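First comes one chain, alone, set out as structure tokens in the form predicted alone.
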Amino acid sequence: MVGMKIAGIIFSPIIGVITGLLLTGAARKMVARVEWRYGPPILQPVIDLIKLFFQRPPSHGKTFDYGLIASLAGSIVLVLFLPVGRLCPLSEGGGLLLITYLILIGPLGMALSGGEGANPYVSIGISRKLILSLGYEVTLLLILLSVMSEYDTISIFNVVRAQSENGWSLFSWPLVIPGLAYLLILPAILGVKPFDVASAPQEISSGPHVEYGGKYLALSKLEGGLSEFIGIALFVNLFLGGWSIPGSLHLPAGVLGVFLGVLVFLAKVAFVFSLNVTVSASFPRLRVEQAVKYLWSWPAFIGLVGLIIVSAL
């Protein structure tokens, strides 16, 4: 058990970072093919990251530096609470209740860092990001309450374990309704079209990232990749069974089982991400008020109905 925890602490953030970067490259490639372009290579985000770390950009102060570090650190800690396959070093921690707090550290750290740059585009982007977070946080809280009520636990590891024995939540009554609500807000959590209002390169020059260059831009890209991974990984663990395989198949015990569990988990993450890329390539960007109006209408209503049904049953 100690060896598994140490392996999880080491490998879970690494898997999250690498997966986030590769998914970003794959998304560019898929959107380019939809638009009849060839697109950059899938490894382009990794190449850009290596190049940026060797540059020496100017700093706007300590808050500019430490706010970005705090944002990335918050995302790394959050990954440790999420089962990546069977790797979950902090499975005995606060679980879903703590995740609701940790998920806010990323945007707040970016706000502190970007605000130090005193750029109007940064202020607009940060305000849009926080407003968008307020839009989907209500529905996300309703979804998490539904899952905790259904399985009578706050431990996300126990939720995944229960699905490995009783079937995936997304295809079981009554959690299919909260699962649908999560799918409706997932593009907003990832910040992709039609909810990329915080960056909006054509409008506000990438918003919170406009003052970043060199290693700062590299750290922000790492945090962005981790945030995408966290948003999808949370859905996979809550509604697609995490490492579990549908049917009567079971993974073997030991190191081989852990390795296969990670592969199964990442395959589900890639599938869900491809669905969101399809949505991103098909819809134009919404205005801020349109995005919030949407998030507080159907997704919130469906999430509330799901919570009521779970509580009643």
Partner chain sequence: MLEAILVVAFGGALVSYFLGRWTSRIRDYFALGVWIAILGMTSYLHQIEPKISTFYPGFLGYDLSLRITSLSWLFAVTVAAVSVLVIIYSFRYIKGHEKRNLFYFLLLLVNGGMMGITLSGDLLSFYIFWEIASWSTFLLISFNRGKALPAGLRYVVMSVIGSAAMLVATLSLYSSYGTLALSDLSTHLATAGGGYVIFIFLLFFVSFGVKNAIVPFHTWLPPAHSEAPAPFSAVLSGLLVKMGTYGLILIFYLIAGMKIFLGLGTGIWSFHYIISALAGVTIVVPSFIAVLQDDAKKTLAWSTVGQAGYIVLGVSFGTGLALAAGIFHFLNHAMFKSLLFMSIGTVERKTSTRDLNELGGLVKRTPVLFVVTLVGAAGLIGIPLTNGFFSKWMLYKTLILEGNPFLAFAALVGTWGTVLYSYRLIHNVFFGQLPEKYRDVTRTSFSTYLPMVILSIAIVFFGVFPGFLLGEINVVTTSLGFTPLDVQLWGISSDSGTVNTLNILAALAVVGVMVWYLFRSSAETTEVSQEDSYTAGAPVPQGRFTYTADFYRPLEKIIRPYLKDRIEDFYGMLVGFVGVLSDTVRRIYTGYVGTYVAYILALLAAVLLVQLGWKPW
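None of these values were measured; they are calculated from a predicted model. Positions refer to the first chain, counted from 1.
A second form of this protein, the form predicted together with its partner chain, is not displayed here; the remarks below concern that form.
Stretch-level contact check against its partner chain in the predicted bound form with heavy atoms at 4.5 Å: of 164-172, 182-190, 235-243, 118-126, the positive one is 118-126. The closest heavy atom approach of Y216 to its partner chain in the predicted bound form falls within 4.5 Å. C88 falls outside the set of residues with a heavy atom inside 4.5 Å of its partner chain in the predicted bound form.
Taking non-hydrogen atoms only, L304 approaches its partner chain to within 4.5 angstroms in the predicted bound form. Although the partner is absent here, I308 lies within 4.5 Å of its partner chain in the predicted bound form, judged by heavy atoms. Remark: none of the three candidate residues (V264, A270 and W298) comes within 4.5 Å of its partner chain in the predicted bound form, counting heavy atoms only. Contact residues in stretch 119-142 (any heavy atom within 4.5 Å of its partner chain, taken in the predicted bound form) are N119, P120, Y121, S123, I124, I126, S127, L130, I131, S133, L134, E137, V138, L141, L142.
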